[in-house]
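Quick setup: the structure tokens below cover two forms of a single protein chain, split into structure 1 and structure 2.
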Structure 1
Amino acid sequence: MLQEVSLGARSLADYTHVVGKDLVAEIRDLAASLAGKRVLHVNATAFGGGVAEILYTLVPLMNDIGLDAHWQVMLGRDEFFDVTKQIHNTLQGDPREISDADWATYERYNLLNAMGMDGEWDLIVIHDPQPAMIRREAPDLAGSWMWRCHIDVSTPNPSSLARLLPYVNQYDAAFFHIPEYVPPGLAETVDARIVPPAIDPLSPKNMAFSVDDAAFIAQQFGVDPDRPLLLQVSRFDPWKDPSGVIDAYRIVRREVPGVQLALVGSMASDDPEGWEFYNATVAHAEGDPEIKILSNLNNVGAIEVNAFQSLADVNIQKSLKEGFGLTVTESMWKGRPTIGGAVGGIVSQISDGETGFLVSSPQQCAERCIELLADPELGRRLGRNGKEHARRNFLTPRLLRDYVRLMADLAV
């Protein structure tokens, strides 16, 4: 009943030159005792969002090292996803209460999905809150269960957390991005580990791109590659603060008249809130021709995001709240100077003045941009440090290592 996601092949060997022989050898060592183990990942969607992006690489790599790994997407209708969006928002701090009727919808769909699952699994990995209750409804499907939390639960709405926690407490293990996201009340029987997400260095979004090719692509969107470019790639969402980025750009422009700004953000055609905020951002730009506001509707896909990130003089992620911030990782991996809001997962990636800059206001953001535009050597140093930091900590093979290490420790 759950939908199996069909996947391409990946080879861990291809990553050796990027992450080094030691990590690859460590993974192979750990995997040796896990040959043939059946692993199932379950999440809510096969397209869009960071979870899907990670699984498209992680699951084929698990197969490459000898596991029998699968990925299935749970089934649900709008009424379910409306509720899980509320659950997601409340776990990230929205104070509104979720009604009992809505929780009943959540439970009904989890039960339906649990009943529709089959097979014998050594490990089932459940991603995020949407399918979290499946473990309770079908405990015999797997020898071990783990819950992968991809969201910021540092300041949850207590009543939503109280509803979810009993389900999570039944798992053998759980992964969280940073220590602050481990919820108080998590049972001691859950082996909780701090495991940040990762990006795939060989994917179209992150593979090496020459500056000339990047310039060629950005030019097609009206960017002049010979003038300084500031960039933010992110959904049109208040927490990503694109208006604050525009304010910062306006301050920079007084000192650096030729500067340009690109705001690249994906839009879902069925997301009315996203459209409203997109329109508000366009209005805030006041028709300034040096501000390019682009989205997937302009055909900006993974390659174009890569080109913009590889070309920009400064990559900005001026979030006011941020679970992890994969765009920060993506920018650092491209060796570009990166400025991030001093919040959530961004703080765990950027150490201020070493691998980038952390800022807390448009003014501060503008000052750091001006500094970086005036001193290319500073940008190169931060970029180099950021790239090494990303290489050691935030590439998919490290994430794969953390999964197989957990499996070895759990003796699945």
Structure 2
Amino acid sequence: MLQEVSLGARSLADYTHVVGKDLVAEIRDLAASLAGKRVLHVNATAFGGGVAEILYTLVPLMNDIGLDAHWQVMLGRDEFFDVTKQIHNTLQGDPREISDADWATYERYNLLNAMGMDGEWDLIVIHDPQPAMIRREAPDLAGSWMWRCHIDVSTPNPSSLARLLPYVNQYDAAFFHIPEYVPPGLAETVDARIVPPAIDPLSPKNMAFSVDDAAFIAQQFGVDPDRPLLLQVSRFDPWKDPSGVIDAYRIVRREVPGVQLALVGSMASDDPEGWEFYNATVAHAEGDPEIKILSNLNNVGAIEVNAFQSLADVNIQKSLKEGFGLTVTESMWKGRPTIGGAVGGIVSQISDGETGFLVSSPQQCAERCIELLADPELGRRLGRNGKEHARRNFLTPRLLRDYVRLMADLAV
């Protein structure tokens, strides 16, 4: 049996003051004909990544509007997650080939998970490549199937895409973050939609935080709230380029001697490479006491991330590849100036010079940081624009509407 994730309650009405009455009413109207429909979300982990953060809010809100929604996590061992991390990397462009033996491991675990599923569902939503084959192995479990792609597949390794695409082409619908992620060869029978992810503005990670409270929490981790702080929140992953952020910080430090850097991440159960890149990041920092490298293993949770993002003078997400980058939206929602890598879904969030800055190198990142630290009014302007852009486009009720709209269109 797959592991059912226990969830708290959420009320759509609580979001009315944030997103407006019109959107809430639209969602209620769309959901009226779907009362009691059974929806199951399946992914690889219940913590440590953006998918899990989304589902902790989205699934309870689905229940609040009358659906019978559930979330289950697939079962796997290290050998499976080693392979799925390879699949993830190759779909994002890593040229290395995945062996037939590793693909066999992937298929074996998908079959085992499919055999462990039960119940009758109106819609099953499969998230990302890890469980993508389940649809083929258990097609009768649901009336409709949807695949949700959370990664950047704009320049995939052709070999990996060719192995995965036959599984995806069996789905009724698929959600992608931006048009460039819709892969060539996707079957015309798959209803492909462009649906960005979203953050929960009322969660502990994103709720309003006072400067004093943020400063108090950051101090517990050795940060001086009276000196400039650069921050990147992300997994320890080569695509997030933590070493490049350290290089940018070192350039900034030559111009702004008192600047500090915090790299805050989490160690996820489906990311076996995480420790390797965490250790590489620590090594690249070379013991600099002004670089704080923190994770959930240092008791950094949602509240602490909120504090760091709310306090930082510049929030950074200098990714080399990025499906979307929820941390970009989180920073923008807090009204802080944000710098992102000019890649993937980050480009749909940041309009360069309007809602933040886009960069393509450590040097460019450093130059923008220096500019923002020298001109606080510029940072405030970008922060205000970014917050409004996030409010209009990237909050959970909008994502809920897109799911319900699909269900109505599929006649679930």
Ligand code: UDP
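Start at 1 and count along the sequence of structure 1; that gives the residue numbers used here. Only a predicted model underlies this, so the values are computations on that prediction, with no experimental measurement involved. Here, rigid core means the biggest group of C-alpha atoms that superpose within 1.5 Å across both forms.
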{"item": "Correct structure when looking for the form predicted in complex with uridine-5'-diphosphate", "value": "1"}
{"item": "Interdomain rotation angle between the two structures - two rigid parts, degrees", "value": "10"}
{"item": "After superposing on the core, C-alpha shift for Asn279 between the two structures in angstrom", "value": "5.0"}
